[in-house]
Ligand SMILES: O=C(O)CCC(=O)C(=O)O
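Here you get one chain, nothing else, as structure tokens; it is the form predicted on its own.
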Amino acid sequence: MTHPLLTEDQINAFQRDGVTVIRGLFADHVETLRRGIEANMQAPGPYASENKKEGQTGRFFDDYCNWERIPEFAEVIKTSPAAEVAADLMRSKSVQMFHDHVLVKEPGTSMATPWHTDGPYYFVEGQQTVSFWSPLDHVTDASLRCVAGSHRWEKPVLPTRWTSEESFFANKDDYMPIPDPDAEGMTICEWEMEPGDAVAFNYSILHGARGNTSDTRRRAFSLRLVGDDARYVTRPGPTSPPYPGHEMQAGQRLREDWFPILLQR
């Protein structure tokens, strides 16, 4: 039996396209997440970034891996229906925590979130993965944009550093160049969204977002989860997030004391 927030059509769309939208996933937790983001911005973690790029205006703040020190994030992760919805979307019996991510574009922020795929930055691989990207403000042009079906491409997309645009790892020949989905006529999924709605997408989906040219903030909370087949893999350098000292070996499931099981059916 699927979660009431979902239909079989949405699950099929997620399996086929690698992306769908879940209306109201965090609707009961918007104020809690807003408080958490405010706490995060007042006391950034070690991985926080201002994403400053020459010639760009506004402020684009992001930070991740803070759920264990920001109680509002932990509360939402544990009490929202996200894990149940993730299990249905991934068709997985288990749902395991990976990490949280906050992205804030203040009014007048010109910098776009560049087209990228999350998977190559991570030390986890598997078909059963899902990210939830949830705005805490009404969004139109600053919504997340995802290329349908890109999770099935034969070669991963080159991971780069957002501000310098340099390759994240040294083995850039192992990746395909970052395409221009608008110029190349790819099918781009994007939705006008209300606070608490969520885009659900596979870790291998190519995605990005425009700058925020509106006069209101665009706060977004992302939650990254994995399912039954997710396994640790080695990369040719420190990953993002890095999780130093994890001591995992290739082929292992993520260690549950660091990445707890949120749901087991």
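In case it trips you up, residue 1 is the first one in the sequence shown, and so on. Bear in mind that the values here come from a model prediction, so they are computed numbers and not experimental data.
The discussion below concerns the form predicted together with the named molecule, not included here.
- For the options T239, S222, S214, N51, the residue carrying a heavy atom within 4.5 angstroms of the named molecule in the predicted bound form is S222.
- Note on contacts: among T113, T163, Q127, S110, the single residue with a heavy atom within 4.5 Å of the named molecule in the predicted bound form is T113.
- Look at 100 to 108, 185 to 193, 75 to 83, 163 to 171: in the predicted bound form, residues with non-hydrogen atoms within 4.5 angstroms of the named molecule sit in 100 to 108.
- Contact annotation for R218: at least one heavy atom lies within 4.5 Å of the named molecule in the predicted bound form.
- When contacts are judged by a 4.5 Å heavy atom cut-off, L89 does not count as touching the named molecule in the predicted bound form.
- When contacts are judged by a 4.5 Å heavy atom cut-off, F26 does not count as touching the named molecule in the predicted bound form.
- Taking the partner from the other structure, the named molecule in the predicted bound form has a heavy atom within 4.5 Å of a heavy atom of A209.
- In the predicted bound form, the residues of 129 to 153 lying within 4.5 Å of the named molecule by at least one heavy atom are, in order, W133, L144.
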